[in-house]
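Take a look at this one chain, the form predicted alone, written out in structure tokens.
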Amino acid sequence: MKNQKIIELINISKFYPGNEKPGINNVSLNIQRGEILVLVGSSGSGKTTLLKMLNRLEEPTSGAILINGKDIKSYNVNELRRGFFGYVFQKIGLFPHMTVKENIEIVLRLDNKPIIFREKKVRELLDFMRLSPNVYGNRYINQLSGGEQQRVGVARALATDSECLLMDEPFGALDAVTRCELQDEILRLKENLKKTIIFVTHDISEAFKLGDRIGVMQNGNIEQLGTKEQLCEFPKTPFVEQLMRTGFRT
């Protein structure tokens, strides 16, 4: 359904002990079903903290998060992480002592899916991520390139048919060519599987390529949320205006 809210953040703040300034400062945000929302910001801007709150790896100090209109705290944490959200991050988190097949099917094992179902699902996911099951299924993680490892990480995140993918700078450590290829895969994934994706990056060009909407973050605030055209043509703050001109300065 078009323009249907799937996630709603209401006045979310996060304070850490010993820090006077909040990590997240009174953020309100709606995420629409089927969109790619990109959170872009420099290190320490709060974008990863916001992502972790959706998966309950972090808890807000104040405010509320609604999933399909229900408070996130009313969901079982394991069901939330294995059923609603798939998580993909830069360090991937694949188990080196397991094969590709075993890494992908581990969440299916936890859900007590039968072996025939698991094997069929793994083959489908590897095919979808353009990794031949016959070639890659029994390989170990250290036998894969960085791009191949990240494809396996995405396949594992898709294994439980989660409604939403959380992606935390998943391509940050990859070379430019591989990064571009995987960005194209994310767009293909969204088109074919109709997933809602929240994607974190510090790369404004990556945000522009992937995002239906882009949230620019600084110091725990969302400075502006909109399409790339809105950000470029109508920047609302000096920070956004500078970002559109120069990108992030390291």
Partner chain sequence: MEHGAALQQKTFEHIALAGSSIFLASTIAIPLGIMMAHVPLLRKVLLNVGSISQTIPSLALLAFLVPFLGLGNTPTLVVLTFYALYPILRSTVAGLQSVPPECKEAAEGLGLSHFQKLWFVELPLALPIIMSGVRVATAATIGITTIAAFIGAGGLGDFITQGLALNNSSLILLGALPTALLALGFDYALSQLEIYLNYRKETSLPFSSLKKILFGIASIILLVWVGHSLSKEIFFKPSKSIVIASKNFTEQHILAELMAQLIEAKTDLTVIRKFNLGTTVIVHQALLRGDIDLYPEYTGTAYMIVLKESWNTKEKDILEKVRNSYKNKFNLLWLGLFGFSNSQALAVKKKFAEDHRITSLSELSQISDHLKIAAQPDTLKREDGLPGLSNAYGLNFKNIMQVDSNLLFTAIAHEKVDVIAVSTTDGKLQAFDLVTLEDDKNFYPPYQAAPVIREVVLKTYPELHQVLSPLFGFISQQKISKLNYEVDVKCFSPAEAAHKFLLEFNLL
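For the two forms, the rigid core is made up of the largest set of C-alpha atoms that agree within 1.5 Å on superposition. Positions refer to the first chain, counted from 1. Here the structure is a predicted model, which means the values were calculated and not measured.
Below, we refer to the form predicted in complex with the partner chain, which is not included among the displayed structures.
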Q: Verify the contact flag for residue 114: yes if a non-hydrogen atom of it lies within 4.5 Å of a non-hydrogen atom of the partner chain in the model of the complex, no if not.
A: no
Q) Closest heavy atom of residue 94 to the partner chain in the model of the complex, within 4.5 Å or not? A) yes
Q) Taking heavy atoms and a 4.5 Å cut-off, does residue 176 contact the partner chain in the model of the complex? A) no
Q. Looking at the partner-bound form in the model of the complex, is residue 110 within 4.5 Å of the partner chain by any heavy atom?
A. yes
Q. Quick one: of 55, 221, 42, 30, which gets a non-hydrogen atom within 4.5 angstroms of the partner chain in the model of the complex?
A. 55
(Q) Within 4.5 Å, heavy atoms only, which of 144, 106, 180, 131 is in contact with the partner chain in the model of the complex? (A) 106
Q) Three residues, 78, 82 and 98; all within 4.5 Å of the partner chain in the model of the complex via heavy atoms? A) yes
Q. Of the listed stretches (47-55, 213-221, 187-195, 22-30), which one has a non-hydrogen atom within 4.5 Å of the partner chain in the model of the complex?
A. 47-55
Q. Would the C-alpha of residue 143 be classed as shifted by 2 Å or more between the shown form and the other one after rigid-core alignment?
A. yes
Q: Take the rigid core as the frame of reference and indicate whether the C-alpha of residue 169 shifts by 2 Å or more between the shown form and the other one.
A: no
